[in-house]
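For reference, the chain that follows is the form predicted alone, supplied as structure tokens.
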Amino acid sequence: MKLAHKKNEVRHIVSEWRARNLRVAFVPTMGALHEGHLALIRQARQHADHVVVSVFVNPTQFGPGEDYQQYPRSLSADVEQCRTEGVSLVFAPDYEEMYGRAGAPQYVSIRISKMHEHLCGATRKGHFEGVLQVVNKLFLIVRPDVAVFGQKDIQQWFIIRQMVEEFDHPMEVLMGPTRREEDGLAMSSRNVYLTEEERNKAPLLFEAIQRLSQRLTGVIRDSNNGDAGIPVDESLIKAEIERLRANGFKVDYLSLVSTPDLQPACVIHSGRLYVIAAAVWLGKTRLIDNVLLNTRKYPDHDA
């Protein structure tokens, strides 16, 4: 396995692979790798001859007052984990390598329409523009055949996939299922911020999302509304929000959105994919999670 800190190093190595007609998979990360990241790497290995992992805590996706300075960094441990998982190349640039001299003017940015208006984008202004900025740069450096991102960051996944489609990146974007602790908590580098008491409460978030999913699924199964769709009972969502608040969570959102536009869904139609997504604060830690609601599993009664 090779460790590169410069863009030209990565381009040279990948060019040698491509000259031999070898497929390249890419897993972008901000480091502090855990089992969730490693599962993405294993998935990537199934689709390519070589896997590239980037480790870069991207400042442009952090807003004022967020945890950029405190974000966990463990490059040596990350590199060893990548080596164990059979990664071919780790790209670990610094700020100057990715963006030039600190304080240098940036004249060009990526604008997003609609897809960032709800969920995390509603409160993290500029976050997804920062994500696309760095991911687009990384794609142009690595030039992968396939990239793998986790379902836990579901809004990010749909926005990146849309960028790939609209910018004509010649690659495929895959979704890796959310990896969970034994009690259901979605794995995250930020989980280390939780106190012992908060960690014990944290799985209640996934329980709330699952409960809402089960209730909506039951409504879909029992409905015979056909193409008219099924109105979403907002009281089901409000009940779960109140349950979370009663257990000490500060709820940013708990929402049902349609895909791929990520707009709030007031009506559920059969044959479509929806997302039940949530973001909460537990103490000083922001947790996100989601489940997919695939109505193609529940056809209309008269179909």
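Not measured: the values here are computed from a predicted model. Throughout, we count residues from 1 along the sequence that is shown.
Separately, the form predicted in complex with ligand AMP exists; it is not shown, and the next lines address it.
**Q** Contact check in the predicted complex: R42, A48 and H50 versus ligand AMP, with a cutoff of 4.5 Å between any heavy atoms. Do all three pass?
**A** The answer is no: none of the three residues contacts the partner (heavy atom, 4.5 Å cut-off).
**Q** Only one of these stretches, 249 to 257, 232 to 240, 31 to 39, 263 to 271, has heavy atoms within 4.5 Å of ligand AMP in the predicted complex; which one is it?
**A** This holds for exactly one stretch, 31 to 39.
**Q** Please identify the residue among G126, P177, P72, G86 with any heavy atom within 4.5 Å of ligand AMP in the predicted complex.
**A** By the 4.5 Å heavy-atom cutoff, the listed residue in contact is P177.
**Q** Could you spot which one of Y193, F149, F158, F206 gets a heavy atom to within 4.5 Å of ligand AMP in the predicted complex?
**A** When ligand AMP is considered in the predicted complex, the option within 4.5 Å is F149.
**Q** Could you tell me if I112 has a non-hydrogen atom within 4.5 Å of ligand AMP in the predicted complex?
**A** Contact with ligand AMP, no.
**Q** Is D153 close enough to ligand AMP in the predicted complex to count, meaning some heavy atom within 4.5 Å?
**A** Taking the distances in the predicted complex, the answer for D153 is yes, it comes within 4.5 Å of ligand AMP.
**Q** Does any part of M187 reach within 4.5 Å of ligand AMP in the predicted complex? Heavy atoms only, please.
**A** Yes - in the predicted complex, heavy atoms of M187 and ligand AMP come within 4.5 Å of each other.
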